[in-house]
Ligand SMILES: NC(=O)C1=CN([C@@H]2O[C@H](COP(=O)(O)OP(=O)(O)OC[C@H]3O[C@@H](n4cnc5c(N)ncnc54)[C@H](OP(=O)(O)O)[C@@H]3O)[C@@H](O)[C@H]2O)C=CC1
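Before any questions on binding or motion, here is one chain by itself as structure tokens, the form predicted on its own.
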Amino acid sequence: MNSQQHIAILGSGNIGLSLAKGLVKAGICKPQQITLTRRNVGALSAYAEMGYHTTDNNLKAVRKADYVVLAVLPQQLNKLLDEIRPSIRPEKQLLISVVSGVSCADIRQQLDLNVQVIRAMPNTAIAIGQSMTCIATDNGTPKNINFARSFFETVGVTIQINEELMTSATALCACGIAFFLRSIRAASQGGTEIGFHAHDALKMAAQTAKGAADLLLQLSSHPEQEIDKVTSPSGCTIAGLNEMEHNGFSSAMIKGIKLSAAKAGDLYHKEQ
């Protein structure tokens, strides 16, 4: 971004605010180049003190923006799009949507404008710069796609996928945070049952999960390769794994992800 360009983040909740902080921290832009909007603008007072522009006027925020981030709930989107339509300049602005279950075509149809739209699906680990963000578009230029990727690479890892897979990405990456947290919680409860204090068990389980993930990411390994390294014949690890599988561990995870994907696809269209 050059110093004259501006970003409007409409709906400055956890994801919007984390993105704003990531962009500034990475030197993509300065706080003065970002406008944050929220119905309760008083909740943004700390950001105003840091130099961000804050307002509850979405129309005004969009009017001076080169990049517009849509970060509201699916059921709030159509009202927001109707509100900002008069300020949209299709030939000069890029819309980046983090709204679950809403296609690029849905946004253009509601606006009745041929504007470039890029979808992004981060997760709540964006708050610590560790998001897994999937990006897709049906009409974004390569330049704008690269720009959107640079946005979200300030707060984690990005991957570009086909748009028809974005709902699946919501289930695997965004909902997936909760699935893996619940797995860690279950492991910590097991640790408590076998003798550890709860806070120690949680720390041990969380660090073990982090180590397992890093083995795959840093070694480009497959889970079964790493599992084989800790399972010996007639050993305690394979006994525990088999007990979990007999009780549906993998099946439950797969079914949960599939159901979340189906639900994510309905969130926006049920409001139509």
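We number the residues from 1 along the sequence you see. Keep in mind that this is a model prediction, so the values were computed, not measured. Between two forms, the rigid core is the largest collection of C-alphas that superpose within 1.5 Å.
The same protein has a further form, the form predicted in complex with the named molecule, not shown here; the description that follows concerns it.
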4.5 Å heavy atom contact, residue 14 to the named molecule in the predicted bound form: yes
Should residue 83 be classed as touching the named molecule in the predicted bound form when contacts are defined as heavy atoms within 4.5 Å? yes
Would residue 121 count as a contact of the named molecule in the predicted bound form, using a 4.5 angstroms cut-off between non-hydrogen atoms? yes
Look up in the predicted bound form whether residue 220 has a non-hydrogen atom within 4.5 angstroms of the named molecule, and give yes or no. no
Only one of 99 to 107, 86 to 94, 181 to 189, 147 to 155 has heavy atoms within 4.5 Å of the named molecule in the predicted bound form; I'd like to know which. 99 to 107
In this chain shown alone, the residue from 113, 73, 127, 161 with a heavy atom within 4.5 Å of the named molecule in the predicted bound form is 73
Within 166 to 204, the residues that have a heavy atom no more than 4.5 Å from the named molecule in the predicted bound form: 174
Is the shift of residue 256 between the shown form and the other one large enough to count as movement, that is, does its C-alpha move by 2 Å or more after the core is superposed? no
